[in-house]
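Take a look at this one chain, the form predicted alone, written out in C-alpha cells.
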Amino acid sequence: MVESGALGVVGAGVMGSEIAFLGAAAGDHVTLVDTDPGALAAGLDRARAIAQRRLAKGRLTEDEARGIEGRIRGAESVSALSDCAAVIEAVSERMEVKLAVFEAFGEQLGADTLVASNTSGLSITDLAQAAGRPQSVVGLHFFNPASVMPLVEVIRGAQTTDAVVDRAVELAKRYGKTPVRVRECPGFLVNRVLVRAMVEAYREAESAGVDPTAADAAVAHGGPAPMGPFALGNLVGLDTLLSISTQLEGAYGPRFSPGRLLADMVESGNLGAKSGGGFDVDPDAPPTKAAAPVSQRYYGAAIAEAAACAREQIADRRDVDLALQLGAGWETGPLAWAASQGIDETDTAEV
C-alpha cells in the first residue's frame, strides 16, 4: 500500500538534504536514506538547518519550522521506502553507483511509486532499465541549491510514459518549482547550452590571449548572462566542468572540447571555489574592446546550442529560454535575446 504524501530521498549529500527539506516543507513525510551513518546524520542536520535559517529570517514560524523538522527521518536502507508515493535518487554522479541504487529500487519499491533521478546528465533510460521498470522512471534535475533555485528539468527517458512525466511535473510544482519538460539527451538542456558556451569562450580567450577578468567583464556586459564563464567555472568546479565537457565532446563532437586552458587548471589542482583556487577574476572590472570576441563566441555558442535543442525537440522554444532564465539566471533567454538583437541562431560567431 503506497502512502500518499510520503517522499523517499536516497543520498544524504547537499542535493539530497535540500530535496528532503522541500518535501517536508510541502507537507510530505520524508525518509532520507544513506548507507553511511555519518553522512546520514550530516544530511539530516543540513535539511533541518535550512528550516532554522528560514525561521531566523522570519520566513517560517516556530511551529512551521518544527513541523518541517519533525517530518524528516533517516534510514540506512532503501527497504525503508516501500510505502513512499515518490522516491528521488540523489547519490553521487557516477553511473555505477546510481545503477546499483536503481537495481535496489526494482526490488524494494511498489509498482505505483514514482521513481526519479536527480542526475544532471546521466541516462534516465539506462537507470530505468536497471530498475526493471523502463516506463516509470523519470529525471527530476533540481538545481543547486535546490531549496532556492526555481527550476526543475523533468527528463523523459526513451520509454517514460506521459502519465509518469505528468506526475513528476505536478510533484515539482507542489514543491514550489517551475518544471520544464526535457527529452533525454547528453547534458539535458541547461548544462548542454551553458557548457557549450563556456568551453568555446575558454578556447577563444586562450587563442586571443584574453585574461579571465577581461573575458568575464565582456560577457557580463555584452548580453543577458549574470556572470562570465570563468567566474561560473570557479563556482561549478573546474574538475566537474572538465568531466562534463569531455563527456559531451564524446556525444556531440569538438564543439564541446574543453581545450588546454581548462585541462591545465585541473591538472594543477586549481579547481575553483572548492579548492580555494581557480581562475583569477575581478568581478568589478570594466569591459574592454579586446575581449569582445570572447563575448561574441560565448553568446553565439549558447544561441546555436539552444537553437539545436529546439530543433531536436529536446524542449520547446519557450521552455529553452525559460530554463536558461531560471536555471542560469539569464535576464532573457538565448533565443529571445537573439531575436531581439537580430542574430542568426545558426551562426556561433555573429553576435
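As the structure is a prediction and not an experimental result, all values here were calculated from the model. Residue numbers run from 1 along the displayed sequence.
Separately, the form predicted in complex with a small molecule exists; it is not shown, and the next lines address it.
Novice: Taking 4.5 angstroms as the heavy atom distance cut-off, pick the stretch from 130-138, 210-218, 95-103, 196-204 that is near the small molecule in the model of the complex.
Specialist: That would be stretch 95-103.
Novice: Of these, Asp63, Asp36, Glu312, Asp45, which has a heavy atom no more than 4.5 Å from the small molecule in the model of the complex?
Specialist: Exactly one residue meets the criterion: Asp36.
Novice: Would you kindly say which of Asn234, Thr119, Thr160, Ser245 lies with a heavy atom within 4.5 Å of the small molecule in the model of the complex?
Specialist: Among Asn234, Thr119, Thr160, Ser245, a heavy atom within 4.5 Å of the small molecule in the model of the complex occurs only for Thr119.
Novice: Quick one: does Leu22 come within 4.5 Å of the small molecule in the model of the complex, counting heavy atoms only?
Specialist: Result no; Leu22 lies far from the small molecule in the model of the complex.
Novice: So, in the model of the complex, is Met15 in contact with the small molecule at a 4.5 angstroms heavy atom limit?
Specialist: Although the small molecule is absent here, Met15 would touch it in the model of the complex, with heavy atoms inside 4.5 Å.
Novice: Should Val91 be counted as a contact of the small molecule in the model of the complex, where contact means heavy atoms within 4.5 Å?
Specialist: Val91 belongs to the contact set for the small molecule.
Novice: Look up in the model of the complex whether Gly11 has a non-hydrogen atom within 4.5 angstroms of the small molecule, and give yes or no.
Specialist: Answer yes; at least one heavy atom of Gly11 falls within 4.5 Å of the small molecule in the model of the complex.
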